[in-house]
Structure formats: C-alpha cells, structure tokens
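Shown next as structure tokens: one chain only, the form predicted alone.
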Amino acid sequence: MDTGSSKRMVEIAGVSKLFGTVAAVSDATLHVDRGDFLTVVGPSGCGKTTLLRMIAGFEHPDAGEIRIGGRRVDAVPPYRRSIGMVFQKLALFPHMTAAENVAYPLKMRRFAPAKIPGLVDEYLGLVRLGDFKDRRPHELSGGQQQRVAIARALVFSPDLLLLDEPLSALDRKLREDMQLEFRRIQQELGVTTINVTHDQREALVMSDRIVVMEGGVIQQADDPVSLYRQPGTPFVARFIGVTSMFPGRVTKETGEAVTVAAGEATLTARGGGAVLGAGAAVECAIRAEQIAIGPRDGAPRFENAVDGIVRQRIFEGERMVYAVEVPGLGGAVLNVFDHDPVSHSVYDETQPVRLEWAARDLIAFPAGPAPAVTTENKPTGSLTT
C-alpha cells in the first residue's frame, strides 16, 4: 500500500503560531488524504480556526511547515493557493444574483467567458438551486444561501475546500439537513475538505477523520468510530459524547483490564491507552448511553453496579435523560440515557435506582495531565459496542 505523500493533499508538520506570548497552535502535526473529509473540532479558543487560517494562508506559522499537494506553501499568498472557502459569515455579494455570485471566482481567475454560464448552471444544479439562479441573497433562505456559498467555493474546481463553521448560525433542523448536504456534495465531487466546528455531532456525521484540539494542542486524530469508542484522553472523552467522570485508584491490573477502587465501590474497567500499575490514581469515564438504569432489586446484568438516587429527569422525545447521584462513588453524579422511554419504567426524582454497565465500557485514564495522542500514537484496546 502506498503510504507516501502522493496520496496526501495536506501535510502539516510541527506547526506553531504565537499571538504575543499565547500559543494559539502548538507543534501541530497531521495530514489529510486526497478526497477525505477532515473535521477539526474543539471548544472556542482551542486553536482550530487559527490552524485553518494558516492552511488558507491568512496567517503564517511561526514554526513548522504546511504542504498542499506536495508543495510547501509558506510563501504562497492565499489567492494563489487552489483553495475554496465557505465562511461562517457567507460573504455573498448582496447586489448580485445567485448565478452572479457563483460566477465571480471564475471571472477573477480569468476563465473563458463562454465557459462560465455552463459551469454556473452545473454547480447551482449540484446544490439543487437551478431554479433560483436569478434571486439575490435576501430572497433566499438561510439554507439556500449556504448552498450558493458552497457552489461559489467549488465552481473553479479547487484542490482543497475549507469550511469555517459555516453552519453555526442555522437553526438545529436546518443545520442537520445541511450537514448531510455538505457530505453528499463532498462525496459526489471527491474534493478534499477541512471543516472547523465546535459541534461534535457535525464532526461525527460529516467526517472521514476528526482532529480534537484543546489549548492549541492536537489531543487526538482518528476516524469517528475509533475516536468515539477509544478516546485517548479525558478531555476527548468529555468533549465527544456525554461522559461522566469520577476518580479512583487501581488495585489490580490484568492485561487491558484493571480493577479500580472508587469511593466505596470496586469496579472493573479497561485502561485508557496507558500502563496502570496497582496504586495508580485514575479518572474513570463512562458514557451516558452505556449505563443501564433499573430498580435496586433487579437481577444484575453487567459486571459493574452501583446504587444511586435520581436527582433530575428530562424527557427529550427519543430518550429519557437522568442525572443520578451515587453516594458510593463519593457523591458523583452520573448522566444516563434511556433510549426506550415509552416501554421502560420511568423513575421519579429522589427515587432509588441501580446503575449498571459493562466492564469494557468503563475507561480508566491516568489522573493528571496526559500526553497528546495522534494517529501515530493512538490508544489500543478493544472497541466498545
């Protein structure tokens, strides 16, 4: 199998960016293969937009190098990089029609005038706006404006498409629809795409690979399933999905399995990509959908079980969400998703319950700071289900 740079559209090696004394991006190394959809996700201020702006050429790295299509682009200005961009603020020209907006980058790149109308029609058709070509932005819905911006970014066949949180201003339903639309268009054209967002669902739905950043540092880079099921750090476990954390201490290690004393409970877990000897302090992570809730007198079904008291119950339609206080875990509050709220029992606030989960679903991370995890240094271990 060819693992050389020929299959890679973007290569970032040891890239750092300082603003004053603040490291917005620190020693970032990653790659994007041709045709892949990569999402960089993280909270506000984590460095993801700065990283995207360096790829686009709007910011210059203080260290490291960026290659696009095998070519180092440090000295290449943005307008000479074959990049299409869709911004959070779409920057459509309000006095131009949809067709004129899409034609603009073709005219700026001196495409043959005879070819422009056909390309405009082709790409407006791709985004399903062929019947709206003569409308101006204020005559289009938010989703239709997004599609015009996509067509404009793609019409000149760029090597790379960059998305800077273009869906964040949309309402939830439209945002979810547009996530699928972006993915359809990207797969149909096969254009290499880098998306920046703080929305974890968007990252999971749209991406071939996901990079999680925090504090300017890449915490983990992996495919969506591996990232979700094998988080490499406590931060990734908390940020992707709804995860409850509580402290413990290892009492026994047997291969990948560890026995953990947490409060008054003795639990079985799997190590989070590190060797954990007896006596090691750990942070335990369990996802809300992996916890079963039931009456205290029910027959045990899983390796781990603790008693708790319901403190909050929220009905979300497709699921019931519980916040359960567990005195035996030092008063930790665990979030629980029950995805069958119609046929399952419903538990009231202050009601005693039992929480259970499989040993493979509880992850024990070393307590305290952990090294960043990359694709070349990702955790091992069996996947959860």
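Heads up: residue numbers just count along the shown sequence, starting at 1. Note that the coordinates shown come from a computational prediction; the quantities given were computed from them, not determined experimentally.
The following text describes the form predicted in complex with a small molecule, which does not appear among the structures shown.
How about residue 50: is it within 4.5 Å of the small molecule in the predicted complex, going by heavy atoms?
Residue-level check for residue 50: yes, a contact with the small molecule.
Should residue 222 be classed as touching the small molecule in the predicted complex when contacts are defined as heavy atoms within 4.5 Å?
Answer no; every heavy atom of residue 222 is more than 4.5 Å from the small molecule in the predicted complex.
Using a 4.5 angstroms cut-off on non-hydrogen atoms, would residue 46 count as touching the small molecule in the predicted complex?
Yes, residue 46 sits close enough to the small molecule in the predicted complex that at least one of its heavy atoms falls within 4.5 Å.
Determine whether any heavy atom of residue 9 comes within 4.5 Å of a heavy atom of the small molecule in the predicted complex, and answer yes or no.
Although the small molecule is absent here, residue 9 would stay clear of it in the predicted complex, with no heavy atoms inside 4.5 Å.
Among 339-347, 326-334, 36-44, 66-74, which stretch has residues with heavy atoms no more than 4.5 Å from the small molecule in the predicted complex?
Of the options, only 36-44 has residues within 4.5 Å of the partner.
Though the small molecule is not shown, can you say which of 135, 238, 198, 301 has a heavy atom within 4.5 Å of it in the predicted complex?
Contact residue from the list: 198.
What is the one choice in 283, 202, 165, 214 with a heavy atom within 4.5 Å of the small molecule in the predicted complex?
When the small molecule is considered in the predicted complex, the option within 4.5 Å is 165.
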